[in-house]
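Heads up, the chain below is alone and in the form predicted alone; it's given as structure tokens.
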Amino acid sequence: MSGHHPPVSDWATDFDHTDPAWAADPFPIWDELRETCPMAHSERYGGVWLPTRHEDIADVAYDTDRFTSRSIVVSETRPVAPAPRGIAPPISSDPPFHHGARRMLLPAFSPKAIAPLEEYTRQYCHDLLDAVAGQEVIDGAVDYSQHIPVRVIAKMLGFPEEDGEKFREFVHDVLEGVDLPPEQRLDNFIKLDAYLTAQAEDHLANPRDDLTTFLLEAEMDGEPLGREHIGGTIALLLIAGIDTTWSAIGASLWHLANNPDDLARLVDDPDLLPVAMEEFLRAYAPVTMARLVKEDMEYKGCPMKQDEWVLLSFPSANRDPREFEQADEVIIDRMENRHSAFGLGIHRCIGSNLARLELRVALEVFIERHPRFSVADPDGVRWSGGQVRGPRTLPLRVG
């Protein structure tokens, strides 16, 4: 976060999802808004709405007639990429373009396609913990969780493993730097585009069996994909494939470090982990998406203007007591759990199988290596702001 915006004065009329208070603990903010102002509004970012109830969030997510997905990250400027393709297809695409763009990618993220990545991911998790073996305190975010999706998505895209730090910079620039001045934000996108262009040119000269070559050779409706389509999709896979999973792994470790009884249950009963994972995803859902209002209208009593943002807080939907019993409690054996961590509507996360694999393996390895761990310094935990929330520093006592 850059601190470009002043502090929030009133969450109902002046909210800002990059505010440090939101990053540190958004749950009481959402709880209050759900009861007092379930469709909050702010003049920041040129106008943005914030539904906080599950029903309202779902209604907007499914309504592709009145809300466009041509850009899904709130910022000071409006996207230049037109509908229906949008800036990063298929997540930024509207019907009917969206259907073809998504269908083309589905086979690459099927359970069968990603299964071979499990042992690669598991070995890398062990390698990360080997690198800090013997230390009493390690950083669960910096030393562990942030590296795992970076390495996996680099392998899938065929990008150099040693560029991991670049990838994390791109993630920060796109998702956390939304309150930067427009000219600085543009410079960040130019750097990302230059990197992706260089990688695409290398793959054109040296084709191989990876997602980048697949996209360069792919067709949609019998035509090769355009440069903007390819670049936008690769950027989506790189950025969305990193920050979301990194955040989910870190938040799960944070919970277990603060709840020794839950950790002990998973140590004693490893078969419970897949169920517990879904509860971690519900309770600490990292991702908030956005839509743009297509045209001036009154929506559920709210006077929405064309090109205002609507911030879809799936994390808030997952904490709505109208949708979940004991919504504010983390119940690791919760069996009925239709959470929205992977989104709602046509844009439900295409990489959910991959995210679940990475999350499961990362937690399995960490718990196996460290069956007892705790937060070493609660004041040293820092959460990211913006539309993806997760621990960025997480000091854990493991020795």
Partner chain sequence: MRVHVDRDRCQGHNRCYALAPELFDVDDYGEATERDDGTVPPELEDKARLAAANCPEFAVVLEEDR
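All figures in this text were calculated on a predicted structure; none of them were measured in a lab. Residue numbers count along the first chain shown, from 1.
Here the subject shifts to the form predicted in complex with its partner chain, a form of this protein not shown in this document.
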Exercise. Would R53 show up as a contact with its partner chain in the predicted bound form if we use heavy atoms at 4.5 Å?
Worked result: no
Exercise. Can you check whether D139 is within 4.5 Å of its partner chain in the predicted bound form, heavy atom basis?
Worked result: no
Problem set entry | Partner contact for G343 in the predicted bound form: its partner chain, 4.5 angstroms, heavy atom | yes
For this session: Mark E76 yes when one of its heavy atoms lies within 4.5 Å of a heavy atom of its partner chain in the predicted bound form, and no otherwise.
Result: no
Seminar exercise, completed: Of 352 to 360, 23 to 31, 37 to 45, 367 to 375, the segment with heavy atoms within 4.5 Å of its partner chain in the predicted bound form is residues 352 to 360
Exercise. Out of E308, D94, D173, E278, which one falls within 4.5 Å of its partner chain in the predicted bound form, going by heavy atoms?
Worked result: E278
Exercise. Of R102, R265, H255, R122, which one comes within 4.5 Å of its partner chain in the predicted bound form, counting heavy atoms only?
Worked result: R102
Problem set entry | Whether A133, R392 and G399 all lie within 4.5 angstroms of its partner chain in the predicted bound form by heavy atom | no
Exercise. What residues of 102 to 126, in sequence order, lie within 4.5 Å of its partner chain in the predicted bound form by heavy atom?
Worked result: R102, R103, L106, P107, S110, P111, K112
